[in-house]
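Presented as structure tokens, the chain that follows is alone, the form predicted alone.
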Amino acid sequence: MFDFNYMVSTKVLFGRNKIQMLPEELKPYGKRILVVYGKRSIKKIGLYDLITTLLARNSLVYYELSGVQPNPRINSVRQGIKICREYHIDCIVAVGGGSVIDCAKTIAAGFYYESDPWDLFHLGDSAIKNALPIGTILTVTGSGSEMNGNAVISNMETEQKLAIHNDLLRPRFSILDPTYTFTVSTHQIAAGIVDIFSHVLEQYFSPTREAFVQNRIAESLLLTCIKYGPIALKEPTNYEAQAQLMWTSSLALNGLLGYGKITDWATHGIEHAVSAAYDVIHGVGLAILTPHWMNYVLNEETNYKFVEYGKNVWNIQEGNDYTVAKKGIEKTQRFFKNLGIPTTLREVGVTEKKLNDLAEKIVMHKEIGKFKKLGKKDVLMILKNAL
């Protein structure tokens, strides 16, 4: 295990009716609040009225940025920054899932950046010098953005989907009430389950062999998805299932699994390019690509990890090592398929003529991945296999 510094600064308020603590959590940061959310879902479930009533009752002035889309756009970020500067916003509250939270984080960073916020995604994480404080109210499980300093934003003009990371972007507090996920569509639930699963796999499949604690925690999170994912799909109002998935999502990407080891993230890199070009739901893209990445990187050198995965996650105990590895991959793909997610890129609108351009954008003259390094030819083959 490598040396590391570990910080999880987000205060988590988990459980029913924790929304009542919102005014108290906002007090240290000021009275002028920007509420960022998606379309109409938070109004349908009554959460919008509850939040605005709590804010008004406690003399907190609020402004709104609504309409944030899945695969959040840089244009929404620009609009949010304009509101923050015009009305001297003190704190941002993101109400929704990862897309809304990522948009809010980028607004928070862009508020202090004098030029266009898209520049931050090219300048690197060190370009972020300050950020407005952020709080989140989670309504969609999967991204883990409620407990980390990551943000991913799409630029539809350039067909790019890029990420930034800085601890300044970690939410100061996050309200996690599983009941707010009860009305989420089964398609969104399924995509969220895959998102969690993929976040764990990206850190589990690592060239660092001496990470026993991290690996066992990772396996327990994967097993939680396997156990409670189908329950949540069948019974969306099952509190225990939704609670287990919500907490698993936060633990999967708050840094716990990745500290002290090298992590991969090749599949995410490939998916970001696909969803930037075709506006594919992130979890759907990951479900399609992950088994094909697994099959492509499986070889004599990497087989040991797939055997560990097959035995500890899928309880495959019979057969030689190669058989165990292949069965683990097959079970992964079947699990995703049973969630009701497409299995090919063609099903989500990807065309073969675009694959070469996608591969070039993904690699950008350098290899991706750490578990097994991938060049353009490798990425192109994975895309073709997934088509």
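Not measured: the values here are computed from a predicted model. When you see a residue number, it is the position in the sequence shown, counting from 1.
Quick note: we don't show the form predicted together with a small molecule, though the next part is all about it.
**Student:** Please pick out the stretch from 90 to 98, 224 to 232, 240 to 248, 106 to 114 that is in contact with the small molecule in the model of the complex, where contact means heavy atoms within 4.5 Å.
**Tutor:** Among the listed stretches, the partner-contacting one is 90 to 98.
**Student:** Does the 4.5 Å heavy atom contact test between S220 and the small molecule in the model of the complex come out positive?
**Tutor:** Contact check for S220: no, nothing within 4.5 Å of the small molecule in the model of the complex.
**Student:** Looking at the partner-bound form in the model of the complex, is K353 within 4.5 Å of the small molecule by any heavy atom?
**Tutor:** No, no contact at 4.5 Å.
**Student:** Should S174 be counted as a contact of the small molecule in the model of the complex, where contact means heavy atoms within 4.5 Å?
**Tutor:** No, no contact at 4.5 Å.
**Student:** Please tell me whether any heavy atom belonging to D264 falls inside 4.5 Å of a heavy atom of the small molecule, as the geometry stands in the model of the complex.
**Tutor:** So D264 does not count as contacting the small molecule.
**Student:** Only one of L50, V348, V61, I45 gets a heavy atom within 4.5 Å of the small molecule in the model of the complex. Which one?
**Tutor:** When the small molecule is considered in the model of the complex, the option within 4.5 Å is I45.
**Student:** From the list V77, A190, A273, V140, which entry has a heavy atom within 4.5 Å of the small molecule in the model of the complex?
**Tutor:** Looking at V77, A190, A273, V140 one by one, just V140 meets the 4.5 Å heavy-atom criterion.
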